[in-house]
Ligand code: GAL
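First, one chain by itself: the form predicted on its own, in structure tokens.
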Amino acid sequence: MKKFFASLLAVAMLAGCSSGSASGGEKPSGGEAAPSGGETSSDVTTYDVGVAIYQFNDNFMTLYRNEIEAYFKTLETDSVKYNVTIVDGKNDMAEQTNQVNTFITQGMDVIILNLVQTSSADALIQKVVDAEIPLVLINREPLAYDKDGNTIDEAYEGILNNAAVCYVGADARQSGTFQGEIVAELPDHGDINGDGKISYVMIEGDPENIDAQYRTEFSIKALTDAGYEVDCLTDQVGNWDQTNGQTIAANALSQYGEDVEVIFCNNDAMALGAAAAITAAGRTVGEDIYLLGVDALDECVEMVNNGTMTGTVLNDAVGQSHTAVDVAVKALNGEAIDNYYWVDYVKVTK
């Protein structure tokens, strides 16, 4: 990939392109792809890349953003450099809007955006499109809405209608399904007390985030589709936060006691909190309770291996971040990009 892009850039420079970018073909949504600028000095072309992350205080997005920065470095050559600026949205939409406006004013050659609020996608996307800057949306998929303002399971028009805008992520329905399948594949199928139903606690991420919605829905759907009866003891929002996960799990264990057979968490950070609550309550994962997460953080994979966590689902930070960077480089080179790029989840069990 590195050699491929480097050769494209070299050809373009020999042809006299002032930006050093390769000219692209046609975009799928119409119009020719225009190479982004880049600054050329002493036979070195430097591209300015703006990366806006919803918040740095997120285990998974920390892995993601660090990998973005590191992977851009591996793609540099003697003639091509990438000046990567990564900013923290602090989970504040107003803060992130200001950051994107600053990127536009600074004349970034490409922007990679992890939205604080997907409901604000329209306004931000339009700002970047109007500035004629390629945009790679990551991790938080913008939602489509019907005329009444309800979310619908369709592709987002702001991506479909803009040739220089795309989304890179994983289908959260798959991650939820995998969580449910992990429980269904257990010897007792999650029904520890043998009463014929799986009594569970659900700890959700940000309710606006489609990942949280799908993981919540499809983890349980996998069980009911397999013919198992379920009983939701409580379903609460933890907003991806470890402390919130611990508080919700502790309260649920205190209120429902031994009736709690499975705790589903929409991400591993909240699962780590739930694990602490389980230990404090004198329960033992794998014996009298099961615990599920998503992300496959190193700490959680180790817990799965030693039996203190039932399972997690790999949300491939490396695969997604590398895909996002590769797509950004394609856009910089004026090449056609697709609307969506999907990276599969992977089950992680002992």
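Counting begins at 1, following the sequence as shown. Bear in mind that the values here come from a model prediction, so they are computed numbers and not experimental data.
What follows is about the form predicted in complex with the ligand, which we do not show.
J.: Report the stretch among 184 to 192, 126 to 134, 208 to 216, 243 to 251 that approaches the ligand in the predicted complex to within 4.5 Å, counting heavy atoms only.
T.: So the stretch in question is 208 to 216.
J.: Can you work out whether Met61 and the ligand are in contact in the predicted complex, taking contact to mean some heavy atom pair no more than 4.5 Å apart?
T.: Heavy-atom contact with the ligand at 4.5 Å: present for Met61.
J.: If you check in the predicted complex, is Tyr54 within 4.5 Å of the ligand, heavy atoms only?
T.: It does: once the ligand is placed as it appears in the predicted complex, Tyr54 has a heavy atom within 4.5 Å of it.
J.: Tell me, yes or no, whether Gln96 is in contact with the ligand in the predicted complex, where a contact means a heavy atom of each within 4.5 Å.
T.: Gln96: no, not in contact with the ligand in the predicted complex.
J.: Thr312 near the ligand in the predicted complex, any heavy atom under 4.5 Å?
T.: Heavy-atom contact with the ligand at 4.5 Å: absent for Thr312.
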